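Look below for two forms of one protein chain, each set out as structure tokens: first structure 1, then structure 2.
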Structure 1
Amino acid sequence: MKKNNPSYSNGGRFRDNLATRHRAGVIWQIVFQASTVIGIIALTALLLNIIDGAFGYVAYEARVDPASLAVDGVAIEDLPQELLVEILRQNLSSGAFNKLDNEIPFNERSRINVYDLVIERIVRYDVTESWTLRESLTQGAEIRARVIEEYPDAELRFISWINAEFIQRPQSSEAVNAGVRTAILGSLLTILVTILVAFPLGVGAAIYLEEYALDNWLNRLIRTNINNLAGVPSIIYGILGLAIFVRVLGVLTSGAVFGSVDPTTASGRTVLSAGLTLALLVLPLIIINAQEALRAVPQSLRQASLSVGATKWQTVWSHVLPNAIPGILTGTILAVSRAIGETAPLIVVGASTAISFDPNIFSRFTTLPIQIYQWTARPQAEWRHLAAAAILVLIVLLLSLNATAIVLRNRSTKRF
């Protein structure tokens, strides 16, 4: 009846359709809000789980009683550096003592460093048991009673696994002495090589494809392959890096060609090889994002520049590129965020899991994701606490790098 009514056809049907669209809009708004809430809850749960493992009670037990190392009634924490060195000489083998002296002479070390060596090499604290933050807050009395009953010689402390010493110490085979300094330096050096190689190559390729390349079958094929390469699994890039940078170009990536190492013992499993491998990994992403940023610059800007006599390159360099930089940096941020968390290609290239020295561009290395993976694979609970602390360090490092890139992007933003 309503369908035959002209007035309904003119107004009623429109109101019904409008109400239907409003209902659909409300439903989709609820769906989108629910997805956002679920995502926030998942991220919050993940972060709380990491924090839960980075703090808590720990029961220590020393293999050598520190009181037995006191000199004339003075505890080792109050002894001068000369007596601490003498304790090391008396309790270590001559080979171990000389190795420490050759790495850094004792007269050039600080007293704190020598004291740490005494604790690490002689006292040697072992973790008898550890507890998470949640357990420490809710079961504190039970934990203290258990330690007194089961570990009478142990010392119970509430500690933060992430602290200044954890960041400053190198890796160690003992959890209480392990740190992430070498892993942080390895990550920073690797990402530095990646950015220095991938950023100029990616932006240059994007400028050519967008501003200079003709629309023919060859250039369309190149663009299609770049899009496909962005989805290739990272392990494939690791195999490519192993074949090219480690085996074929090993003399270059190991530094042997510059005389830094013996060519007969040179190995291409270095920071340089890892950085170049990650550069290949993120290069398609940078190219694609840079193309989109260049494409977003209005054609009127190009036409205005050319109309006043500017050359093609002057137009690109002085007008197009400055306006595309914010978008290009956004894509670079995403690419670097992916690279800094990669593990598989670095393992294939030959990253180590135990490095006790500060790496350089031609040395063996490890990174924070690899160190986290290696610690979580161990059965003892204390290593998982260290992994949680290392994850927090990695998050802070990633956010710091991203924040720096965002500041640079915002400063370069031009409105037109």
Structure 2
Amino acid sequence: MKKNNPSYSNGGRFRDNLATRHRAGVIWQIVFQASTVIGIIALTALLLNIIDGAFGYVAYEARVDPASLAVDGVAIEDLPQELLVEILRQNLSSGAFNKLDNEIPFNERSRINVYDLVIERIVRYDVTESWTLRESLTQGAEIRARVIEEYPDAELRFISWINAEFIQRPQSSEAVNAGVRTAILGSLLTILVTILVAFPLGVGAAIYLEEYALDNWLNRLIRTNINNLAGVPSIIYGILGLAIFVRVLGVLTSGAVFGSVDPTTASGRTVLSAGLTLALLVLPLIIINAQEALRAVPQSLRQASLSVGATKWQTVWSHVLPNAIPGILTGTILAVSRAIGETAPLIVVGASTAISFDPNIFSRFTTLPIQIYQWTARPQAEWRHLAAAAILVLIVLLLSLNATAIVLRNRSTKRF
């Protein structure tokens, strides 16, 4: 009966290839899945590698045994401030002592600060050797045996390179005393400048392009241009910043026109220049993200507002913007987190290698990524542990920003 139905017979016209086809399907699915897993593994390896560097055993050696500084059997940890100052006076050259006193008089310093000075300037711990977390966990016994044998005076400790002191201390030339306070403040101040410039400019540009701009050649040029700028490598912005903000506008960015007379910043390599450079860098990203947020506001809302006789700007200000603002903020946060991690343009603009004071906008600058770069580039292991610790600080900073962005995004998608 089926024979008279042409479609019935698989009569040799179609090869019976179903099994082969399904086998290919299974194999490729495994390939696709494995590729994704490889990506995830790479991320995991990266994070583990950083954690591996941020914790572990360290062997210290003190140049001056702290016990030898004890006064009448009282260890220096417990000495009152006056006696600590006395120790400093005795052990430092008078020049160095007076310099410290000139910076901040000793009687105005806290006890902790003076104690830190004693440790830093007299006791002077040096890292003799350090180990990664993996080494510390798997070869603990050997490490301990080796330290006793090779560095009998050294003290072995298992430490977390990232800790409260690390975050509170300024940059220092001694690994044990180095911290990221300067770098964190530098990053925050730079980003503040970036946001203050790029946010209004970027949102304004987006409003212009989405709400006002007609479809003519100029506006098309502006649009294309913004898309192209978003793809320009960040280092190019660094070169631009160097040429414009540092060189041409040096009087402005060094603060000279405002009466700031710090001779070290006369070159214009300041927080302000860095912030402005990053503002140029993130501007196209902010514009593109804000445009998207504005586009998501339904057209019917604008029509409703215009139809009751509101002007264009009244419509934008009281209806479009309030609805787009969560999206705009999300996009801005994402752009800003890009700026926080930028390193290359700031090196070109002229980040400083060693500053240990709290920055202001007309001072020389360093930022967290710059600090990480400089520490990573040093060959000694202890600096690389510090780099790992600083990376963790940076990641925590970025993750909290991203979490904020996600919360904002979720709030905004519930609107319509």
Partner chain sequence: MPGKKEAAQGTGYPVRKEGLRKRRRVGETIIQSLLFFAGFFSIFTTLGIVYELGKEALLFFRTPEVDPWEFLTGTSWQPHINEFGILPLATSTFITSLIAMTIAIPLGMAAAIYLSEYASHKVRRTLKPILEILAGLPTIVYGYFALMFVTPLLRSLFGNDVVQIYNMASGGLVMGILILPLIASMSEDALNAVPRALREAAYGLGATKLEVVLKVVVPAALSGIAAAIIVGISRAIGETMIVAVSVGAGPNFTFNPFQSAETMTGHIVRISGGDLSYDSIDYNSIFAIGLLLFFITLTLNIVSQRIVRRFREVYE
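Along the sequence of structure 1, residues get numbers from 1 upward. These numbers were taken from a predicted model, which means no experiment stands behind them. Between two forms, the rigid core is defined as the largest C-alpha subset superposing within 1.5 Å.
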item: Selected structure - the one that is the form predicted together with its partner chain; value: 2
item: Rigid core fit then L401 CA moved by 2 Å or more between the two structures; value: yes
item: Angstrom shift of the Cα atom of H22 between the two structures (superposition on rigid core); value: 11.7
item: Angstrom shift of the Cα atom of S35 between the two structures (superposition on rigid core); value: 5.6
